[in-house]
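Quick setup: the structure tokens below cover two forms of a single protein chain, split into structure 1 and structure 2.
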Structure 1
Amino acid sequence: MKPLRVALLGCGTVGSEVVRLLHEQAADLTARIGAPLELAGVAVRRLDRTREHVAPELLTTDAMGLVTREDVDIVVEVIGGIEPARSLLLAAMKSGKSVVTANKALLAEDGETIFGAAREYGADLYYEAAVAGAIPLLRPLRESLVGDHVKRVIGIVNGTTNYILDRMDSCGASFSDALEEAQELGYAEADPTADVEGFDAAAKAAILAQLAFHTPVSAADVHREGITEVSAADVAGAKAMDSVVKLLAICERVPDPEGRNNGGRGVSVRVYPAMIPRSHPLASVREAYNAVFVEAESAGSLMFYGAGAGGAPTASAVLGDLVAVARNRVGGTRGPVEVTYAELPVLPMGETITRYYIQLDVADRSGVLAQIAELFARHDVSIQAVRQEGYGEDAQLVIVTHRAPDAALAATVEGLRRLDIVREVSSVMRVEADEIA
């Protein structure tokens, strides 16, 4: 029953909840692990703050000194960002510690170095909290589904943006008011740009794609569009189509028609706001909740749903990992290592097959629709539906396309913007997820 000594790096939204759970559930955790967990130290930036359940002498600003201490067995990193988190995790693994992190930014930007170090030093590396907060999603991909062939992962993986879009849809809140609320509730990253510009979701998409397809994917490979351009007109347009706007992360294995590369031409990994039908299960994901569909060849469609952000939910995932690495240490074993043997190329966004919703104001006179239809035909984009409402001399057109390469759809929109008869292209949004309702 020798205690396992834990160094906690960061004691903010997530870290303070990790401390609370360690304190309140100490007896249960000891019984589940077979040894008690003991806090060896807590690294923070500011020493002058009172931290509940942390004895002042445990606090330090010397994070590197803490992670390399001989009496530390496990390092939990909830600082976030690239540095000093990367150097701290590398030093921890090098000195034989097991590591738990919630740091998706680091894993997505430089996963190769972090996973490489775990392999080189034989260290346990768990990171369930890095994607979708409390939802057990990475462990199922890493372990339960590792014998299957994952085809697609699609979902809502950023709580802050889902909260904002939900408030804009349900009560007409402004973008900035909704963002402020999300920040107050502890969902947003330290710099909310990471949330609203889609960087956070892109980092999570990279981690998901890498695990799902056993292929190296970094944040830089992910096509990313955030929600700052989503307007009240887009939200209203979606409503009129009985749809909602959601920031989606989509990871797809694109089959090779000739069966090369183990049947995969490549992978498409992308994050953007898209319209989805209100009847789709993802449309009912409200507030800061996350939901992810995994489609695998043999398992079929699996849905994961729950709290994707916030101190306590995220701390639950961190604690789960902490117990896992502690059990491994007690049993003298280690968890699974990441393998990226597939080496599939990440395909450019232009080759991705999507659908568009386009709303435009045009002159209401003969030949207008014909010119517009000719432009779509020139780019080989097939129109699925058209709706027109007249306003005096002008009309508002709503066009929904069939599926086409994104490059052709984007070129069509550019062409529309250049047509004299088009006064304004007022809303352009991709349409997704209607095939898995």
Structure 2
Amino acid sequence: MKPLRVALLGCGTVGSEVVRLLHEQAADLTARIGAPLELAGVAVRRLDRTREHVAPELLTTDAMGLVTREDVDIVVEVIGGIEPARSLLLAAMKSGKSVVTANKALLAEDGETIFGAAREYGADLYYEAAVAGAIPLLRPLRESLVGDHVKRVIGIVNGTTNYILDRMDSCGASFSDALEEAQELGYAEADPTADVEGFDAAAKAAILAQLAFHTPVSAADVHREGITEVSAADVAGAKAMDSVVKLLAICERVPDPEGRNNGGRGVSVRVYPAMIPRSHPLASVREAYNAVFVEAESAGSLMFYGAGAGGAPTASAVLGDLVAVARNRVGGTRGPVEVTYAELPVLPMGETITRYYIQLDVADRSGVLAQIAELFARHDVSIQAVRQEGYGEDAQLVIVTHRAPDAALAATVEGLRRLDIVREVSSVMRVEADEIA
């Protein structure tokens, strides 16, 4: 068969790996697809840099001209950001191209527009590389579990923050020292804001929630907290509870308590640091690796683990999508199309049910526990466990709550800060996964 011609948008860390793999695996890819893949052009911002494996005549700064060329069959986008990526992908699909993208920011901010264009123009749109690098996660949600009822997705989807928190736990490093080490190793950017403030994980959580629950979710809908406020006291407190601190992306379907809506009352989508027991499989995810649990009604619990970032792992996911859309073109078919038929509301964080770990420095005198217990009862928050250690006239209290609405838990913490007997609320962190005490 005649070659399928590929336009590549971007030739940075991931794009250059895609080009390398296209050259090195050309014969295997041809056999798997049933037709050869051929680079039609590579759109870059500057022409004065040498790109390995790319003939100079293939380079162009006219990205729009490249994606709308009649001889191009497939467009691969790895430039990232919102614009010009959005305009380029919309133009590509409108002109009949299949699209592969790794652009989590675009899909999280304006996924409905991109998915709508794929439906309108009958175009293939694949984006496995947008979440968790080489880990095959999105395709199981799109295809393997499409006949099931996904209840919850929880996991570690940002390698930079996992590396930092792992170093703080295993070596006692401070946040700043662990971040500097991550930057030296190439796990963190010079400006790490997107990672450490949770923006990257929130974008991925939005994509996962939209796929899992067939409902529109954008990055703006995701409750987001980063790890910059995670202190040595938080990590030490977790160790004392035989737990670790991880930045978690959590997407879950919230049941309708009256059973009126089989789809659920809504969905909760959030990203924040939380304690999880060391016995939980996510606690053993070390360094810059990612891992995600998917809990489905019939399939049960499934775990996906692997390298979540980096040029080669992400390029592997891009190539997997490229083979899939190429096979579809050869066979005259198309892949699945996202349908957000459920239209479930994204619930505010205050309505999310969770648990808190709270560490207090208090006056060590009679009646202290009674005042604190009365405050918890006033906010309808139940205490699961209390640990106290005395230090002369002061004492340290560690309280783990039962599950309660986050708004009630937050109000309880604010109330504690206003009590005269409380010297300081030194650590507050949510508790997820299995019960700990």
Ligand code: NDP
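The first residue in the sequence of structure 1 is number 1, and each one after it adds one. From a predicted model like this one, the values you see are computed outputs, not experimental measurements. Rigid core: the largest C-alpha set superposing within 1.5 Å between the two forms.
Which structure would you label as the form predicted in complex with the ligand, 1 or 2?
-> Of the two, structure 1 is the form predicted in complex with the ligand.
Superposing on the rigid core, does the Cα of P192 end up 2 Å or more away between structure 1 and structure 2?
-> Yes, the C-alpha position differs by at least 2 Å between structure 1 and structure 2.
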